[in-house]
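What follows is a single chain, given as structure tokens, in the form predicted alone.
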């Protein structure tokens, strides 16, 4: 059976940089308070009117260029986001239109922080089955417009940010040794309301009301303590399970890229797995938590800086809203 491999990567973030001191002017917080609790120093937020395509299109174009392909060469798009521009349709068709890729399938998936890992698993299955040859996988978010940027919402607003990352997948012969080797995917809906946005929703008529708006139900809500407690357990557990499926141990791993949820979570995962600093990549200090975009942004940085090289064994792991989590093992 053939295998899929990542042929090219790219990312894009808005040019608007929001520092911790900028946020201190909007809410009761400080640079020290934010750094100590999250590790974040700055983040990128969109300007008014910027859309998903403004971020996803440059990321996709850079990934295609890195792969030596054009938009006409791809057969499908898998678009992971928890913050679509509209209730419907999904963001994938807007990217398809902007790319000029033709009438190819564009699938949106909403698995939040683990979205890019889930998206890779979908693309990998399509390629392995022979249904499609080359697939563009995108993780993109605009979270800044969905947060209460006040003291009431500071525990969320200081963390989340905007950005997009992309990867082009294509088939390779297993004899090459490279490619996506294994996945480990899970969910636990018992904790669905611990990291969520309640409204608008189709269970309500109308889908959002004045009362809900006044109560702030349109803002992202998070039980940070519970998210932390579960993440530091599930991420190393899942990543180890994926490694075991692939027939490797942590001694074989060149690089772990964890979802950039909080630097304290990444540090706890690293400690749990007994990994060296050079085996773990973090960039949350510069970008904040861009949800489904964190892993592809970090992956592209690693590729372009030489941190990730051909033949390296890469592990991706993510945890977030749902709760949903998952991991992937890739021979680069």
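Keep in mind the model is a prediction, meaning the values are calculated, not measured. Residue numbers count along the first chain shown, from 1.
There is another form of the same protein, the form predicted in complex with a small molecule; it is not shown, and what comes next is about it.
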**Prompt:** Looking in the predicted complex, any heavy atom of residue 224 within 4.5 Å of the small molecule?
**Reply:** yes
**4.5 Å heavy atom contact, residue 195 and the small molecule in the predicted complex** = yes
**Request:** Classify residue 264 as contacting or not contacting the small molecule in the predicted complex by the rule of any non-hydrogen atom within 4.5 angstroms, answering yes or no.
**Result:** yes
**Prompt:** With the cut-off set at 4.5 Å between non-hydrogen atoms, does residue 159 touch the small molecule in the predicted complex?
**Reply:** yes
**Message:** Taking 4.5 angstroms as the heavy atom distance cut-off, pick the stretch from 274-282, 296-304, 22-30, 47-55 that is near the small molecule in the predicted complex.
**Reply:** 22-30
**Asked** If you check 113, 164, 80, 136 against the small molecule in the predicted complex, which one has a heavy atom within 4.5 Å?
**Response** 113
**Message:** Counting any non-hydrogen atom inside 4.5 Å, which residue from 245, 128, 155, 207 sits next to the small molecule in the predicted complex?
**Reply:** 155
